[in-house]
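Encoded as structure tokens, the following chain is the form predicted on its own, with no partner shown.
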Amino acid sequence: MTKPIIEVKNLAKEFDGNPVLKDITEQVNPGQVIVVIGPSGSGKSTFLRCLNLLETPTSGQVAFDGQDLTTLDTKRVNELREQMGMVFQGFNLFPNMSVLENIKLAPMKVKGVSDADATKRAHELLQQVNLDDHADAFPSSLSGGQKQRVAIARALAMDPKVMLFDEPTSALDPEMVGEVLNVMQDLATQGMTMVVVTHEMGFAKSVADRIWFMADGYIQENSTPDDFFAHPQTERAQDFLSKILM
């Protein structure tokens, strides 16, 4: 039987005494694409940030590759975090570095990869996201969609086992959303394990293995895209879908 790559048990998170996540228990298997959807303010981004301990859970366990991150020291958490690529809403590129330099930085600094090997890998990744002709450009000259594709390439440069996406298209103009989703779709096709928080329902329908519907701090439904969109079980999900699929 396949061992889960991520296992969450009784996860809870409070901010100033206010519960944001309440007793979540779920797992992600290697190669799965999990899409987390739900109303704004339901705790989706907080949940995603707990998976690599960018947010420290108030209680519960978060295991990655069999190791409970909540019990480990900072050094070990950082080592495991290298295996979890993360792409944020904002692109977080270094403005004073070229696209190529942005992608090479972490493998060289963190993993000790040589300049030549890092350069070769960066070009391969830029080809994968259709941006190799922008290798020497600086972030300020790129569109939002291009910046986000560079951010994805940069996360992939560490050869992660899992990719976490926190609403990667929400800051983009509508016509740039497709180019980012296409790259993510390619990753899914290649077998990358992904947990994606998004409002893009078309992507959720066509790419997800499982939909986790989150509201009021809970994952209220965990089902296939077909089942979720055709037969939502909870009133909360029915209400959510009626508003977005009008």
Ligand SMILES: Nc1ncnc2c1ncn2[C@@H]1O[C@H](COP(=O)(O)OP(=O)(O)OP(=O)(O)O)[C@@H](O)[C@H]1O
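Note that the structure is a prediction, hence the values are computed from the model and not measured. Note that residue numbering follows the sequence shown and begins at 1.
Although it is not shown, the form predicted together with this ligand is what the next lines describe.
Remark: Pro39 counts among the residues lining this ligand in the model of the complex, judged by a heavy atom distance of 4.5 Å or less.
At least one heavy atom of Gly43 is located within 4.5 Å of this ligand in the model of the complex. In the model of the complex, this ligand stays beyond 4.5 Å of every heavy atom belonging to Ile24.
At least one heavy atom of Val20 is located within 4.5 Å of this ligand in the model of the complex. Only one segment in the set 217-225, 43-51, 176-184, 200-208 has any non-hydrogen atom within 4.5 angstroms of this ligand in the model of the complex, and it is 43-51. Residues are counted as partner-facing when one of their heavy atoms sits within 4.5 Å of this ligand in the model of the complex; in 167-188 only Glu167 qualifies.
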